[in-house]
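A lone chain, given as structure tokens: the form predicted on its own.
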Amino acid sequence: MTHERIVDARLHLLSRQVLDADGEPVRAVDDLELVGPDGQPARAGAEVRVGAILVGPVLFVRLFGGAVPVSRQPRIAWEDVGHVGTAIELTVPSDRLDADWVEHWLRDHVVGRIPGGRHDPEADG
């Protein structure tokens, strides 16, 4: 059964913390992907729904005049959202998401090349 709810995107979604199925923080909502009722791209003046929440550097890149390639936009399908409250609660664990690809890339290609960058200080106990 599908439950529909009308939400104010600015009030209920944007900048909200996203939590995975285990209650672990994933990211904050930076932008939304809106689609028409048929799942096709949204059209001006027509009814829309949220197709996905976008997390990561989307807004930052737009502010500087760029665009994240569609294939690399960190997005979370709206179908994976279980509850909208003070946080956006997902029905999937974070390891099933590709929302952290930027951090993984930075870890592997930048931080990992810094002397001591692969050392885990918490492992020393």
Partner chain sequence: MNVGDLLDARVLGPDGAALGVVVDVRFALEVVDEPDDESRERDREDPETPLSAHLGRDAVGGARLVGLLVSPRSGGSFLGFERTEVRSPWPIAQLVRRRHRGTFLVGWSDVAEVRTDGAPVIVRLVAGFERRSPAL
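Fair warning: this is a prediction, and the values are worked out from it, not measured in the lab. Residue numbers count along the first chain shown, from 1.
What comes next is about the form predicted together with the partner chain, which is not displayed.
With the partner omitted here, the residue from V84, A28, V92, A77 that has a non-hydrogen atom within 4.5 angstroms of the partner chain in the predicted bound form is V84. Put simply, L97 is far from the partner chain in the predicted bound form: not one heavy atom of it is within 4.5 Å. Contact annotation for E4: at least one heavy atom lies within 4.5 Å of the partner chain in the predicted bound form. Heavy atoms of L11 reach within 4.5 Å of the partner chain in the predicted bound form, making it an interface residue. Mapping the unseen interface onto this chain, L54 counts among the residues with a heavy atom inside 4.5 Å of the partner chain in the predicted bound form. If you take 34-50 and check each residue for a heavy atom within 4.5 Å of the partner chain in the predicted bound form, you get L34, A42, R43, A44, G45, A46, V48, R49, V50, in sequence order.
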